[in-house]
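Coming up is one lone chain in structure tokens, specifically the form predicted on its own.
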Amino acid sequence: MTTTVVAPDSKADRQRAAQMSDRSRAEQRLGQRLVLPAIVVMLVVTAFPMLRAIYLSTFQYSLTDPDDRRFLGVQNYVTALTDSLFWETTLNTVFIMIVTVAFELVIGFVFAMVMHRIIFARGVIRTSILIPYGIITVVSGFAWQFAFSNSNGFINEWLPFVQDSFNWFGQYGSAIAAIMVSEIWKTTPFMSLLLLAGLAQVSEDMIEAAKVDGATWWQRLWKVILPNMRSAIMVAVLFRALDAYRIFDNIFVMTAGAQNTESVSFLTYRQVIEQFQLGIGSALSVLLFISVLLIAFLIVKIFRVDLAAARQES
């Protein structure tokens, strides 16, 4: 009797699954057709500047003497890659990216937990946490430059182990720390917002089942919550790492590249805007683009997240 009941249900389930699969494929094809115009426009808009930069990077081209433009091939790339200044700025940029993303991931997850679990004044708390992200980066850079100033800032007064006359922007260590504090304060809400979306997708049934099995809070965090948030964590880290690697505003406002605090973006800016060297500046911008692609590839490989499987598309 049991067999006669189960067999038709299994067949019906397979038919429903096949129907859902056909429907999913049809929706997928429709989605591809709908986004195709946007993809074409995006490629045209983004491809032209990149191809133009690659073209200019093969010339010795200075705006102060445009008639002396000469074809160099890959010489600008060789010059950049053999210059110690390029590698110093690259290491400095990678250091800023790793430290800021690490702090933002931890603090952002705490904020996401608070926003997810809070049961009173939820709107006020969520708005308060997200306020820094709504402030323009240049404005927050000026605000933190004022805060760290040894003449009229308040950071030296708040820190008992720092003298009132201490100049945060007088040496590399403290200057880069001030820049990273401004960066972390500004973009942690963005990280927490992405993690909050991932936290909302964790099944409460699994958490309750873990509680019933006697799992502690730490065990539920490491064995249930974080593994089910891996896709959201990867997206948050990917977005912020790429953004942090392109850091420019805070360095421009707070130190203007002094005390060896330059990033790759700031070095490119100096070559193109201040020294009018379009050839080597374009080569640096192409190297920056390649670095961003490499970072994105590494992060996706490290997390090993199949986003199609996460969306149950396969």
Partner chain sequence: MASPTKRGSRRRRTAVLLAALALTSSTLAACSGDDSGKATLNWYINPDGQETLDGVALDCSTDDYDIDIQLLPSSATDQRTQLARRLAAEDSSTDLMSLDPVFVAEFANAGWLAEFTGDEASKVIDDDVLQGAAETATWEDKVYAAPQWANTQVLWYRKSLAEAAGLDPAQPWTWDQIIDAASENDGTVGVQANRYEGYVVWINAMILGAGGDIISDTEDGRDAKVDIDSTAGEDAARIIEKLASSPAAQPDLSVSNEGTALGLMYPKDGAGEFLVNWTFVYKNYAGLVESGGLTQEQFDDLGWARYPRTVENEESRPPVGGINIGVGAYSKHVDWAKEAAACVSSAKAQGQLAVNDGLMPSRGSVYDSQELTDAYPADLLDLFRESVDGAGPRPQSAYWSQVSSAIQSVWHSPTGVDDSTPKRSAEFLSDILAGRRLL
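Residue numbers count along the first chain shown, from 1. Not measured: the values here are computed from a predicted model.
What comes next is about the form predicted in complex with its partner chain, which does not appear here.
Enquirer: Would you kindly say which of Thr216, Ser165, Ser203, Ser128 lies with a heavy atom within 4.5 Å of its partner chain in the model of the complex?
Expert: Here the answer is residue option Ser165.
Enquirer: Can you work out which of Ala26, Ile273, Leu34, Ala47 has a heavy atom no more than 4.5 Å from its partner chain in the model of the complex?
Expert: In short, Ile273.
Enquirer: Does any part of Asp249 reach within 4.5 Å of its partner chain in the model of the complex? Heavy atoms only, please.
Expert: Heavy-atom contact with its partner chain at 4.5 Å: absent for Asp249.
Enquirer: With the partner left out of view, is Ala258 within 4.5 angstroms of its partner chain in the model of the complex by any non-hydrogen atom?
Expert: Yes, Ala258 sits close enough to its partner chain in the model of the complex that at least one of its heavy atoms falls within 4.5 Å.
Enquirer: Please determine whether Gly170 contacts its partner chain in the model of the complex, using a 4.5 Å cut-off between heavy atoms.
Expert: Heavy-atom contact with its partner chain at 4.5 Å: present for Gly170.
Enquirer: Could you tell me if Leu85 has a non-hydrogen atom within 4.5 Å of its partner chain in the model of the complex?
Expert: Output for Leu85 is yes: heavy atoms within 4.5 Å of its partner chain.
Enquirer: Among 85-93, 217-225, 204-212, 120-128, which stretch sits within 4.5 Å of its partner chain in the model of the complex, heavy atoms only?
Expert: Looking at the partner contacts, the answer comes out as 85-93.
Enquirer: In the model of the complex, which residues of 50-71 put a heavy atom within 4.5 Å of its partner chain?
Expert: The stretch touches the partner through Gln60, Ser62, Leu63, Thr64, Asp65, Pro66, Asp68, Arg70.
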